[in-house]
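Given as structure tokens, the chain that follows is alone and in the form predicted alone.
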Amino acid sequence: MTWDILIRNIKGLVQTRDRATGPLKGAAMAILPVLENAYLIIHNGIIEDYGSMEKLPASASAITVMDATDRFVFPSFVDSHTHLIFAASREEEFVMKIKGATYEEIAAKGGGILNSAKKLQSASEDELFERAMSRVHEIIRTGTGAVEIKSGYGLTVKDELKMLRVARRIGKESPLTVKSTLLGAHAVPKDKTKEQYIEMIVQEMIPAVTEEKLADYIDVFCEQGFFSQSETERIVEEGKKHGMKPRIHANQLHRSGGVQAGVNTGALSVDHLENIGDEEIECLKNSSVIPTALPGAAFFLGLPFPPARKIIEAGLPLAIASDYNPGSAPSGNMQLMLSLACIKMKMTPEEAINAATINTAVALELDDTHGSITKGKIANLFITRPMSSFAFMPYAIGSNCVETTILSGKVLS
């Protein structure tokens, strides 16, 4: 038989698993299977087989044969938290922060989420799609193969729908695997009270999104000055009635009750966690909710980094995503997230890689098809440039270690 792609002489085939594992927790996060001197076969977009070179049949043939001498092969990253669709960057706020402005001061001057909402509301779907596609190509080049995309910069029914239509279009017209999330409760627009806006989300926005089948998940920014724990729970419970599973922006700026809201509503994940303590960790231990760190946001805003060591030592899983957005995390480079996790959160390379592949795949309900090198999974992977070890990737901060990307069995670069 002739296969589609044969990759030979792989220095290290990273994250080889016989089957889907579920989330890796506690001490298991430190275990990263790597098969040395390996081959990998792809056929019909699927990982058909892999093994050590000495077991590769001499008669093996493929339409495309690739040599990976001195290179590693990784499963593509799964980025489980992004705001990839936005109309414009916000570097003017970046300069304001450098000069000492606080988040509240920037918001008072028309910045923050409402700034992005104003710009997005004036952009068409086609404009948003074209701008987002440049970011899609950017994250593919740095190793991402599956991504969650949130709304949240529309803040009207019409504009939230517009964002989610663009997210669905990205999933259809790009090589990325895309999951979409309704984040209507991201901020309160100026023309409404919070109570009026929550009623609009519950009575109008959620049904409209459901009618067009635009969102897999529902999210709320559970934070002081935005949405309280009780308001968060009300909104996501309404989303659940319409078939959207919760995921929560939790404990970014304050101990906001976001973790508790996530546990109470059976959320798939609680994301951010810059401000959590023993109470929140204990709460997570009695749940299936996946704590997710967004180190790019903590770094960019100068916030405390999530306490990865305490979370892992409590026997919990931990996922790592980018939070790619124009205001607080303007990078979707998951290699950089690995570096920040290792440097600032004291995670080992093994833990960080597991957090950005298997555990994020579980957080997006993609672990049957993504997140590891497993026979039968979708062939989403990348070949690195020559590297001495897989730890070189988080070590080489700011460098792109990806040489060749393969998504759904197609060589893209």
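As the structure is a prediction and not an experimental result, all values here were calculated from the model. Residue numbers run from 1 along the displayed sequence.
Here the subject shifts to the form predicted together with a small molecule, a form of this protein not shown in this document.
- Note on the partner interface in the predicted bound form: the residue among Lys179, His186, Lys162, Arg71 having a heavy atom within 4.5 angstroms of the small molecule is His186.
- This chain is drawn without the small molecule; in the predicted bound form, the residue among Phe305, Phe94, Tyr103, Phe129 with a heavy atom within 4.5 Å of it is Tyr103.
- Of the heavy atoms in Asp79, none are within 4.5 Å of the small molecule in the predicted bound form.
- Interface residue remark: Tyr217 is not counted as part of the site for the small molecule in the predicted bound form, having no heavy atom within 4.5 Å.
- In the predicted bound form, the small molecule sits beyond 4.5 Å of every heavy atom of Asn251.
- Not displayed here, the small molecule is kept clear of Val209 by more than 4.5 Å at the level of heavy atoms in the predicted bound form.
- Residues of just one listed stretch (130-138, 81-89, 332-340, 255-263) have heavy atoms within 4.5 Å of the small molecule in the predicted bound form: 81-89.
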